[in-house]
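There is one chain below, alone, in structure tokens, taken in the form predicted on its own.
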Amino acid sequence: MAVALFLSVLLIAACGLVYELIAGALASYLLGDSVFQFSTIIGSYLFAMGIGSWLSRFLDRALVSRFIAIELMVGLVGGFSSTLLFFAFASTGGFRFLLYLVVILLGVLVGLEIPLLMRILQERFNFKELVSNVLTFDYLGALGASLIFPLFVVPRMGLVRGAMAFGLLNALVALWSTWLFRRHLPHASPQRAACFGVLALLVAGFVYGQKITDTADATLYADEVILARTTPYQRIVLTKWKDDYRLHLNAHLQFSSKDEYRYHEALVHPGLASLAGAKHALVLGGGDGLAVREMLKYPSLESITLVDLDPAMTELFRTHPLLTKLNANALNSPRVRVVNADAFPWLEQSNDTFDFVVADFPDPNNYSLGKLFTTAFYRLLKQHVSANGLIVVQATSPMFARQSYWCIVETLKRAGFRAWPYHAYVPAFGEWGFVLAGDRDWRPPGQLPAGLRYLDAKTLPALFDFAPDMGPVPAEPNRLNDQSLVRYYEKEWREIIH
């Protein structure tokens, strides 16, 4: 009996933390800035738990019945939380309000659970033993949830089915409580019927979780969703409209197959074509293999190392027929080595040097990505660039995020590079910015590889001219301990959206 009671505590704690993690992860996926999202969600959740604990003092009668009712409410709200929030993001303008409403409601309900359960158990255990055991199992449940969530829930079930699975655990705790505390429930049939009803709803939600996710994606994206994956790092969605394929990571467009060649030709060729005899190249990010495709047009390159955090991303672009056609099967070239790792620690551990480096990371919309645009990162990267080598950085839009763009230029300069800013027009994104950097003088290449669709010797020099509305503006460099770039980026893109 005691084991079953304290196992209930462990499961309650695990479920409560998982709902909190799901809300934080989902907000980070959809809104960016993971530090802000997790900080405010955790703070709101803990505050609401405090309110729930305080409110528990006003529950004096029928404690077991009320505990069972609260467990069922937690199971329903928590189990369907990610489904509700996905649909809210796609179809309403009140996503943030609903996000924090769900977080606070769950926090209040979870805050009621443990005080009620302790009061129910106080007649079976002395106070010291009760507090010690309840808190021990509460903390163990939190530890278990924090490990299970990234290792199993997200990669194996996703956020929708993962929430449903833990909702089921709450409903099961409610159901077995009707037997554990049956002497407090002379008429338990209504509670058991409610438990079976909630279990049925959650089982249906779990079984149809993929269809729910697909429906949410279809609502979120204007075009047909033909592929979707949830990984520990991101949500990968591929959409199709006629013959245009578009990749979205965490709901942010990464490329359109109709015009991605403009982006990738501009990213690679101004730098690489100017390096006669470059032998070793490095791509950081760029798990779609499209930059690698362009680099393979240089026979002199003996090796290309691609470092991308997400193995699911590189595996898709190595094996999916649509995607391998798009990148010309680049990731399966014998000259290409794929490494799945975080670029920062990988560079710290590597002793290799490269003649040409492409930093093709997603835009710095959160601090996790922002660290890859800092003076610390660029100084580390500089140690891996050969004496006459060059790096190129995708640097967001000088039109729509002007201060962010020139912040990246300034950061490269502060890291000891000479910098040559340039931009290209990509219809899916508008004007897009890049920065070429190195230690030596750079001159535009006189010759480019054959078969390019966008760049030639005439159009390339024009990329380095900036109209007045995209020209330099004052910006602080982006440092690891003070990421001004993330603040600039969030402010500028928020102004564009609103």
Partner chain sequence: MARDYPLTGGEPPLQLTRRDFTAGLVSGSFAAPALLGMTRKAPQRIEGGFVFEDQERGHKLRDHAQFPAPQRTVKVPVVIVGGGIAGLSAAWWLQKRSFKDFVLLELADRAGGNARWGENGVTAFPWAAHYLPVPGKRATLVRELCTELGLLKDGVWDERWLCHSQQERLFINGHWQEGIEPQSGMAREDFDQFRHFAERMKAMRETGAFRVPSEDGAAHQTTGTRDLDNITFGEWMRREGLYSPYLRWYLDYCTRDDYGAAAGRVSAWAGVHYFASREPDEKGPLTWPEGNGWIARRLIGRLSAHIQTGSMVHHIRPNGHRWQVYTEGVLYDAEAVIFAAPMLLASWMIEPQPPAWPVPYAPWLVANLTLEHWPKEDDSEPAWDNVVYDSPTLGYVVATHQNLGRQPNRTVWTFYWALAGGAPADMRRVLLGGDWNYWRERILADLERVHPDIRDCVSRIDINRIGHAMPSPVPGSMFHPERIRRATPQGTLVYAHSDLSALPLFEEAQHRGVTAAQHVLRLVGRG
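Residue numbers count along the first chain shown, from 1. All values derive from a computational prediction rather than experimental measurement.
The form predicted in complex with its partner chain is left out here; the points below concern that form.
Only one of L140, A376, L322, V203 lies close to its partner chain in the predicted complex, with a heavy atom inside 4.5 Å, and it is A376.
In terms of contact with its partner chain in the predicted complex, the residue from L309, I148, V338, A88 that brings a heavy atom within 4.5 Å is L309.
For the marked spot (S300, N388 and D441), a heavy atom within 4.5 Å of its partner chain in the predicted complex is absent from each of the three residues.
Proximity of R246 to its partner chain in the predicted complex: non-hydrogen atoms within 4.5 Å are absent; the residue sits far from the partner. Mapping the unseen interface onto this chain, F344 counts among the residues with a heavy atom inside 4.5 Å of its partner chain in the predicted complex. S397 falls outside the set of residues with a heavy atom inside 4.5 Å of its partner chain in the predicted complex. Contact annotation: N366 falls within 4.5 Å of its partner chain in the predicted complex, judged by heavy atom distances. From the list 421-429, 267-275, 366-374, 120-128, the contact stretch for its partner chain in the predicted complex under a 4.5 Å heavy atom rule is 366-374. Contact annotation for 454-493: residues with any non-hydrogen atom within 4.5 angstroms of its partner chain in the predicted complex are R479, L480, N481, D482, Q483, listed in sequence order.
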